[in-house]
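Next up, C-alpha cells for two forms of one chain, structure 1 and then structure 2.
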Structure 1
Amino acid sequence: MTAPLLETPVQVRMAATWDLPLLRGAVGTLAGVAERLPSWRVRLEGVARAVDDGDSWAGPAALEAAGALRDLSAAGWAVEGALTDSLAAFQRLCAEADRAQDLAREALVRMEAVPPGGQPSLPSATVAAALDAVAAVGAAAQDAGRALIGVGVQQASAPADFAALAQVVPLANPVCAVPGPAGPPGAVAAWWAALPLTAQLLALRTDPAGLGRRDGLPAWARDRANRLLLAEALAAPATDPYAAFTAGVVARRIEAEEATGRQVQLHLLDLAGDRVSLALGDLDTADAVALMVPGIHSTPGDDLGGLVGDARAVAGAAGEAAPALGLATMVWLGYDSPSGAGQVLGRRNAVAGGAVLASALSGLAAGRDAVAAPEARTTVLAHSYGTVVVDEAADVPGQLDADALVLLGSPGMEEDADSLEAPEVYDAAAPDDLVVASRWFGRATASERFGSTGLPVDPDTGHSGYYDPDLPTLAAIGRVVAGVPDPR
C-alpha cells in the first residue's frame, strides 16, 4: 500500500501565482492590434485604388506600383484573418487561466485547512480540475501560434521578408468571384470587409449590376460597379432609348461636377427602374452626410441637374457653418417618385420607398461599422412627398440610421416627431406653401403637437424655395447638416 500523495503538483502551484491582470492587459493589447488592422487595410486599399484608377498616375511604373499595393493588401488581409483566429485562442487562454487559478487556489486553501489532530489531505478532484484547466491554457497558447501557420509562421518565427510572406498568402490572384449575401446590409458589409482587395475588384468586374445597388457595400465599390454599368449602357446600341437618355444625363452630370474638381460617387444606377443616387464628396469618409429625398414628379433624366445643384447648395451652407468638416451630399432618387394623381395622393410609393430608404441608410452605417471607420453624422433632407417617404421609412422595423431629419414643405405626417426615430427632427413650413397647407398626409409638421424644431422660412419661400441660397432656410439646413447646436 502506498502513502497518499500529499504534495500539490507544481503546475497547480504555478497557476496559483499567475499574474492574471498582466495577462489580461497583454491580451487586451493584442486585441487592440487586431481591431485596428481592418481599418488599416481599408486605408491601404484606398491608396491602392487611387493608384489603380490611374487618374493621378499612369504608365508602366504606376502599373507596377498598383500591383505591389494589391499584393500588400492581400498580405494584410491574410494576416488580419490569422490574427483574428490567434486572438480567439488568446482570449480562450485568458478564460482558462482564470479558471485554473481559481481551482489552484481552492486546492491550496483546502490543503492548508488541516483539521485539529488530523493530517493534510489532497483535494484530488479539485487538483484534477485545476490540472485540466492548466492543460487547456497550454493548448490555447499552442493554438494562438498555430493560427499563424497559414501566414508562414514556422516554429514561432514569421517569414523572413515580405516576399516570403507573399508566397504563402492565399487569394492574391482569385480566379472566381463569390456572390456574397444579398442582405441585410450588416451581413453584406461584414462579407465585403472580409474580402481581400483583389477579390473585391474581381467581384465588381463580375457582377456590377448585383453589387452596384447592394446596401452595405462601401460607396467606393458601388461607385465603381455603377460606373461600369453606366459605360455599358452608353456603349450598347440596344439600350432602351429612355434608359440611354437617362444614362447620358448621369454621365454628363458626373463629367461636369468632376471637371470642377468635385468628387462624385454614383451610388445607384438602376436604369430599368429609373432610379439614380449621386453623391458629391466621399460617403465612406465624410464627417457629415446629407441624403436628399425629393418629392413628386422627380426623375433622374429630368431633375438630376437641378437636384445636384441643391446638393451643392447644401454642401456650401454646411461648409460655411463648419469649414473644416468633411461633407458628402447625396441626391437620393432611389424610390419611384409618384406621378399622376393616383400615385401623388396615395402612400403606396412612399411605403415602398420608405423601405428602400431605411435600407440605404442602414447600408451607409453598416459599411463603416464593418471596418471600424468613424461614424458620420447623417442627416436626411426630405422635401414634400419625400417627407412621407421618411415617415414610412421610420415605420420599418429597426431604428432609422439617421441623426437628424429635416422635413421641408411636408404635406403632413402620420404621427409626431418622436415616432420618426431620429434624435433630432426639424421642419420648415412656409406660410404660403400650399402643399403644407393641404395636410393631405396627416399632422402639420409646424404644429406644436408634432414636436419638431422649426427652421426659419421667408414669405417668398413657397413650396420650392427651401434650398434657395437667397432665402433663410438653406443656411439653417447647412447648420443642421454640420451638427451646429441650435441651428435655428
Structure 2
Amino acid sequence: MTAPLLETPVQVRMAATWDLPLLRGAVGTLAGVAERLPSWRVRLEGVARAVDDGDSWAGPAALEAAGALRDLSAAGWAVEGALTDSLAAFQRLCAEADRAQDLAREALVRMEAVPPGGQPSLPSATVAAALDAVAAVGAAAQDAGRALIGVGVQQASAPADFAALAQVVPLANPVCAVPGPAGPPGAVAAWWAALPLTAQLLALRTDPAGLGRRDGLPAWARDRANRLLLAEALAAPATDPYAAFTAGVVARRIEAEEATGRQVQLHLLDLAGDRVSLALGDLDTADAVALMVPGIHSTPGDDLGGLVGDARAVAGAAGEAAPALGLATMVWLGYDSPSGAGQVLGRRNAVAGGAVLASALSGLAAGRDAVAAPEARTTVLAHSYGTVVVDEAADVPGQLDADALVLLGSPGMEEDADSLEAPEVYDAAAPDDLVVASRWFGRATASERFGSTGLPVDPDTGHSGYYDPDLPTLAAIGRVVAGVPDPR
C-alpha cells in the first residue's frame, strides 16, 4: 500500500475519533447485567423446584404455576447464554477498538508531521495495521449481534415482552440428559450450571446413583438424587438386608429432623459402601458450614443418630455465638471408618479417606458456584481418627478448601498446624484423654511445637465428650464455626 494512502482512509479517521469511554461504559453495564442473571435464574429455579415438588402447593393451579416457572427458567437460561456470548464478543470489540484507535491516531500524527517543503506521506504499515484492527472491531460487533439472534434481538430491536420472547426461544423443546464430567469438582459445577432446569431434573431422574455422589453438584441436586436412591432401596425387596437396615435408619432420621422443621439434605448415600453424609441446613446458601469427620467404629446404621445430635449441638452453639448467621452442619460418614485392630492402628483408611474428604470440600465450594452463591465460611470438625483423615487430606495436591480446622481428641499429627493448609487451626485435648496421650500417629496437637490454638476443655472431659453441651469446648467450637473471636 503506497500511493493510494496519500489520503487517509475514512475508516482510519473515524477510528481516531471513536468515543471509547462511552463504549467501555456500555459494555460495563452489559457485564453487570450478565453477572446478575445467573443468581436471578438460580433463585427462580429454586422456586420452580419447590412448586414442582408439590409439597407446599398442589392442585391444578400449582401444576400451571410450575409449568410457567419452568418456561420462565428456560427463557432465562437462553437469554443468559446468549448474553454471555455477546458480552465476550463486546469485550473483544473493546480491546480491538483500543488498538485500532491507537494505530489510527499514530497514522494521523505522522501524516500531519510534514517537514517544511516536504510532501505528506502516510506510513503504510501503520495504516494497514489500523485498517486490520478496524476490521476486527467490525467482526466482533457482528459476533456480538449474532449471539443474540436466538433470543430475538435483530437490528437493535428486542422482544417487547415475555410472550414475544417465548415465540423465539424453544421453551418446550425436548431435552436430553448429557452425561457430565466425573471431575474435578469445578468442571462438574460448570457443566451443571450450563444446563437448563429441565435438563437438570431429567439428569437427576436418569442417573441418581451417578449424580448423588458427584462432587461439584449443588447440594439441592445431590439431595434430590440421593432421596430417589433411598426410596428405591426401601421399596426394593432385593435390597441387601444390611443396606435396607441402613436405609431405614437414614429415612427415619430424616423424617425425625424434618418433623421439627429443620431442613435436611442427604448429601451422600452409598449403601454398598456403607457411607452416608447428612446435613442440617442448606449447604448451598448457608453463611457458615461445619463438616464433622468422626473417628473409628463409626457407621451410618449404628451412629448416625448420635452424630446428628452432635451436629445439632454445634449448630446451637454457633447460633448462640452469631444469632443472625445462616448455618449448615453436616455429618460426614464419607470414608471407611476403621474397625479392626489392623485398620485402627494404621493410616491406610485415613489416606483413602483424606483424598475423598479433600474432594468433598472442593465439591461443596464448587457446588455453591454452580448456584451463584457466595463463599461460605467452612470449618472441618474432626474427632479422634478423623483428625488423621484431615492430616492426609491436607497432603492431597491443591489447597484444602477449609477456613478453619478443629482437631478434637487427636492421636497425633505428622507435622505441624501450618502443614494443614487452613488459615485457622484449633485443637481440644483433654489431659485425661488416653487417645491424646498415646500420640500414636505423631505430634500432640496441644504441644507448642504443633502451633494450633487451644480451645478450653474441662479436666474431666473424656475422649467422647468434646461435644457435650455441659462442657466448655462446645461453646468454643460454636464460636469457631461462626467466625466469632473468642471473648476471652
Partner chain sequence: MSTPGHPDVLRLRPDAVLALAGELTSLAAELHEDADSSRGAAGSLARALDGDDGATAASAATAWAELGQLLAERADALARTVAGAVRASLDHDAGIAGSVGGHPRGPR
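Numbers given to residues start at 1 and step along the sequence of structure 1. Rigid core (definition): largest C-alpha set, two forms, superposition within 1.5 Å. Note that this is a predicted model, so its numbers are computed, not measured.
- Structures 1 and 2, same chain in two forms; the form predicted alone is found in structure 2.
- After superposition on the rigid core, displacement of the C-alpha of Thr260 between structures 1 and 2 stays below 2 Å.
- Core-superposed comparison between structures 1 and 2: the C-alpha position of Ala156 differs by no less than 2 Å.
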